[in-house]
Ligand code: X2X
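A lone chain, given as structure tokens: the form predicted on its own.
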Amino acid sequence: MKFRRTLLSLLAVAAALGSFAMDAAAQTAYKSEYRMSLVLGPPTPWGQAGKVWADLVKERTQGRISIKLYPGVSLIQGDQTREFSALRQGVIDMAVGSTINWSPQVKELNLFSMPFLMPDYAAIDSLTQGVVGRYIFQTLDKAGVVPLAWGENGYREVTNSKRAIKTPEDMKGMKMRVVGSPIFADMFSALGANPTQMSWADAQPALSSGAVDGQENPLFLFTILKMQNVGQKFVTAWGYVADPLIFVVNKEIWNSWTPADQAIVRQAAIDSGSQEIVIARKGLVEADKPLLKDIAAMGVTVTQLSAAEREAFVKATRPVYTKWKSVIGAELVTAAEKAIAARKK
């Protein structure tokens, strides 16, 4: 009996040592530094999402996982539409990425770019935090990355140098910078504008020179970049599209970490995303929308559409909605519509 107890004790010690050795071996395979891709850096909410995530991971892993931020999608020469492919290929280790920028590679992500699908923040939450969000994460996992958490780039509002936009007719003939996703070209063409696809790095000098008349982006970018100085004298808050962000890790990198570290990275992403969403919505969820007042104080004409005025834009873009519903998948879009209809406002 004594011999058996001794043998069991030795086996337990061996197992523990084996486990320790495996963990140690796994950690020796860790990279000294991991590359996180971002389109925007601090002080934007997007950039803050990446910084908070990196800081939390380093702190909670006692430095085992150290992350360097690469804003401006500099790992791929500023071409934000290549970011998802670079993630799968291992050029990028991890990212806080835009559903818009990744939609050319993952068609289901175009859901969030459907014109006027999400009328308020509760609608966004009903998708990202519900069955639709879980389906999107499964789709991304199958596409070759590990999705961990949601963040938010915000509603994209339209600005221009020509006139206040209150009706679709006001957009006719305007040269508008849009992101490199076909649904955006379809939407602005349907409104009579002349959409021009270009990266944000190219957009800023184009706005400054007057090569393009306007653009659409979350309003935090307007204030941070002082876009009135590049001719953007008119802002219309129309809430036509919102852009959730997604925290992801390359699969090979993810599999190289211990389960304990995977859990830490996942929770850090969730915590960072929650913090970032609050930052992204600041100034816009309050009743008096102080961010709009700040922009008006810059000498900018700010237009907020009435329900009837907004409906005219909805009607004008409905053919685009119908076309893209079949491209994205009618079942997924219908599930999103039902989730939004059932949301708690």
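Note that residue numbering begins at 1 and tracks the sequence as displayed. Computed from a predicted model, the values in this text were never measured in an experiment.
The same protein also has a form predicted in complex with the named molecule, omitted here; what follows describes it.
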| query | finding |
| --- | --- |
| Residue 277 within 4.5 Å of the named molecule in the model of the complex, heavy atoms | no |
| Heavy atom of residue 200 within 4.5 Å of the named molecule in the model of the complex | yes |
| Non-hydrogen atom contact residue 145 with the named molecule in the model of the complex at 4.5 angstroms | no |
| Heavy atom of residue 243 within 4.5 Å of the named molecule in the model of the complex | yes |
| Heavy atom of each of 103, 139 and 247 within 4.5 Å of the named molecule in the model of the complex | no |
| Partner-contacting position among 110, 272, 236, 98 - heavy atom within 4.5 Å of the named molecule in the model of the complex | 98 |
| Among the candidates 65, 295, 36, 40, the residue which, in the model of the complex, approaches the named molecule to within 4.5 Å (heavy atoms) | 40 |
| Which of 259-267, 172-180, 187-195, 124-132 sits within 4.5 Å of the named molecule in the model of the complex, heavy atom basis | 172-180 |
| Residues in 128-159 with any heavy atom within 4.5 Å of the named molecule in the model of the complex | 153, 156 |
